[in-house]
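The chain that follows stands alone, in the form predicted alone, written as structure tokens.
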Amino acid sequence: MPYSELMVAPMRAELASVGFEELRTAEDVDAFMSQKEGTALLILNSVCGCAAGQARPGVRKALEHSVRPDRLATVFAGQDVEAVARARGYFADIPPSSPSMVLLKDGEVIYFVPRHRIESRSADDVAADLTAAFDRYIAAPTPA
């Protein structure tokens, strides 16, 4: 059973306040994923401590970097069940993990940060991983 929306609202707002689009339905996910051109960061949010202490703060810090994805979106595990299931269906070869982060380029997964690379690290470490991925996959020219 999902947590009370009153409890989850601040957790949603933490990402929405820095420009993340909330994908609350399967249709929202399909619409976001149908936009193939460019880069996108999809965050699978969660109520857990590592989402609060490392994932969301790390993402917010990473977005201060000069290189960042074109589009930002989030789904909330345990809350928006159909949206999360649909999102995970787009990268079904990756085991479910929340929180987690998916970097896409032209509709393809190019970088994935699972929970085990979030929960035992600091928000600064998470931000450093993301900014390195932004530099590597977004700023670098695509090989011909």
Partner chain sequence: MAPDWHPERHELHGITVVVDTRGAEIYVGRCDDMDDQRVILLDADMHKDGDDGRTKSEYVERAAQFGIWKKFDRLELAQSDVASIRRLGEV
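All values derive from a computational prediction rather than experimental measurement. Residue numbers count along the first chain shown, from 1.
Quick note: we don't show the form predicted together with the partner chain, though the next part is all about it.
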item	value
The single option of Arg60, Arg86, Lys105, Arg117 touching the partner chain in the predicted bound form, heavy atom within 4.5 Å	Arg117
Options 73 to 81, 22 to 30, 89 to 97, 35 to 43; stretch whose heavy atom lies within 4.5 Å of the partner chain in the predicted bound form	89 to 97
4.5 Å heavy atom contact, Ser17 and the partner chain in the predicted bound form	no
Partner contacts in the predicted bound form for 45 to 61 (non-hydrogen atom within 4.5 angstroms of the partner chain)	Gly49, Gln54
